[in-house]
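Quick heads-up: it's one chain on its own, the form predicted on its own, in structure tokens.
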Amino acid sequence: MPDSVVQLLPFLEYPFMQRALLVGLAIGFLCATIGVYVTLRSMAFFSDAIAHAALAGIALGVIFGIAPVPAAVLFTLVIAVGITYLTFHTELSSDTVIGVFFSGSLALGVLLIGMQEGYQTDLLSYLFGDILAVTRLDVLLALGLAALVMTVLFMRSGLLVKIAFNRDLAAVEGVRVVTWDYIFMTLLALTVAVSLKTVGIILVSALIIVPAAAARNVAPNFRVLMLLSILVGVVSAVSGLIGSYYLNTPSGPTIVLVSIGLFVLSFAARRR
């Protein structure tokens, strides 16, 4: 790191802050991008269910000696596919199916944690996030998944928007709506799982929903909506992380509160 940069931003001399900023940038960009499609499709409850399901994946990883984040990724993928399958193959509403998986996976996670002996600090850190504790593996996983998810989203942006606004019309035009539902659910599950170390299970949905909601307050079209959402997500992650460093506050809640503040400002701007 150049001395001039370190003098201007002294916290960058610490490797853990360098890793945290990299992950923060990747997660802020990723969550804000996919959050646009989540809000357009009214899937906030789904993202919350996947986040809580990740608790069981992390607990299983600890039990079987697997790294928690990859274990959470695999488990949330199973849950995402299960929710999507039952939604299309039963007469139950999507909210009902999500509620079943939400409660079941959360109960499984709490049960597995209760079976562990002693105070599980690693498991508890995933509830509220600890971006300052990210490892090189976490950085590589976050950057890799961010690149994968955003590549798919941007390459098929028009198709996903068409499905979000009018599924029936998209199906009539030959779009494989169900297939793309599986793909999108998978991408969302990956996004949630890789974001857990940043803000935690309890707050990860906010990092997906709030930037897109703030952008929708003022955006006149989809392109501006996407750009503003990404801007809010990245600014929230970086400024929240830096603010938590100087204020000595938990990083995850600080990042979310910054995004909430930006949402309030966008709402006020809309009313004006």
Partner chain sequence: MKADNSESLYPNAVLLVQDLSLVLGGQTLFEEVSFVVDEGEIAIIIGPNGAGKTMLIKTILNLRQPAAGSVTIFGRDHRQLGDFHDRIGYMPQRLDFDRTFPITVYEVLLLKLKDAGFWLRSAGPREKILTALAKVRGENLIDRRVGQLSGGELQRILLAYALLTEPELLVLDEPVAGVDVTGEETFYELIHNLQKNEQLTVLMVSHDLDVVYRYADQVLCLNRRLLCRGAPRQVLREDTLEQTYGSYAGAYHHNHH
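Everything numeric in this text was worked out from a predicted model, so none of it was measured. Residue numbers count along the first chain shown, from 1.
Below: the form predicted in complex with the partner chain, not depicted.
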Checked S157, T135, T186, S94 for heavy atoms within 4.5 Å of the partner chain in the predicted bound form; positive is S157
Looking at A147, V172, L111, L140, which has any heavy atom no more than 4.5 Å from the partner chain in the predicted bound form? V172
Does the 4.5 Å heavy atom contact test between F222 and the partner chain in the predicted bound form come out positive? yes
Under a 4.5 Å heavy atom criterion, is I201 part of the interface with the partner chain in the predicted bound form? no
Taking the partner chain as it sits in the predicted bound form, is I83 near enough to touch it, meaning that at least one heavy atom pair lies within 4.5 angstroms? no
In the predicted bound form, A164 touching the partner chain (heavy atom, 4.5 Å): yes
Partner contact check in the predicted bound form: of 66-74, 222-230, 52-60, 235-243, the stretch with a heavy atom within 4.5 Å of the partner chain is 222-230
For the stretch 17-51, which residues lie within 4.5 Å of the partner chain in the predicted bound form by non-hydrogen atom distance? L40
